[in-house]
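Only one chain is included here, represented as C-alpha cells and corresponding to the form predicted on its own.
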C-alpha cells in the first residue's frame, strides 16, 4: 500500500517582521496564500529505514531534508519501527520563498498519518510541524492564513473577495536566497526589522472588503530592502511587472520568487509575454489561477 499526496507551495501577500526574539527567531505577522503549483510525494511502508528519493539530483535526501526529518519525527511520535520509502517529484523552485520544503514536510506528516491509519491527532501533527519549521504548520491546511509568532501560529481565513477571479504570474530568476542570510541582513534596515504590528491584519480586512486595485498599496514584504540591494534584478522584475499591467507585485518570503497579480487570465498571459520579451526565457515563469477552485 502507498499514499500519494500533492504538496502545494505558497506566496506571502504580506510579510511584516516585528523584531528579534530571545530564542534567536523573529516575531512576525504574515498573510500566506496557497498556490496550485505543487510537488508530489509518494509514501509506502517497506523495510526498516526511512529512505527518500527525488527527481532533483541537487536536493539532499539525507537527514538534512525536511521530509526525512518529518518522517523520523512521525515514527518517534507514533512509536513505530516500520521502514518508510518516499519519492518526491519536485516541481516547486527551491530557496525561492515559496515554502516548497516546508510544504513537503507537512505533506509527509499528512501522508504518513494516513498510511499508518491515523495514529496521530491533528494537535500532535501541528506540534510536530511547528518543531520542524515555522512555515510547516500552514501547509497542514489548505486556505489562506494569517500567521503570527515566528510564523507557526496559524489562523485560517476565508478566501479573499479582492482575489476572486484573479490570476498570478510567478517568476523565479534561477537562483535561490538563504532565509538565514535575509534575516541577518535585516539588521541594516531597522525600519524593516522592527515593523509596526497590525499591518497584516489591516491588509486582511482590505482584501476582504475592497478590490485588488484598491488593496494593491498594502502588499508589503520586509525582506525586499536587503534582497533587492543584493539582487537588483528582482527589483527590476517587480518594477517592470507593475509598469506593464500588474494590479500588484511583490517578492514572496525571503525571495527569490517575485509574483504579480492580475484580474484575468488574459491579462496574466499578456503580462507574461511582455516580461519574456523584456527579460528573455532564462527566468522561470508560471501562470496560476488564484482561489479555492484551483487547489
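Positions refer to the first chain, counted from 1. This is a predicted model, so every value here is computed, not measured.
Note that the form predicted in complex with a small molecule isn't included here; everything after this is about it.
- Heavy atoms of residue 219 never reach within 4.5 Å of the small molecule in the predicted complex, leaving it off the interface.
- In the predicted complex, the small molecule stays beyond 4.5 Å of every heavy atom belonging to residue 85.
- Remark: residue 280 does not count among the residues lining the small molecule in the predicted complex, judged by a heavy atom distance of 4.5 Å or less.
- The small molecule in the predicted complex comes within 4.5 Å of a heavy atom belonging to residue 26.
- Note that among 103-111, 85-93, 205-213, 178-186, the stretch whose heavy atoms approach the small molecule to within 4.5 Å in the predicted complex is 178-186.
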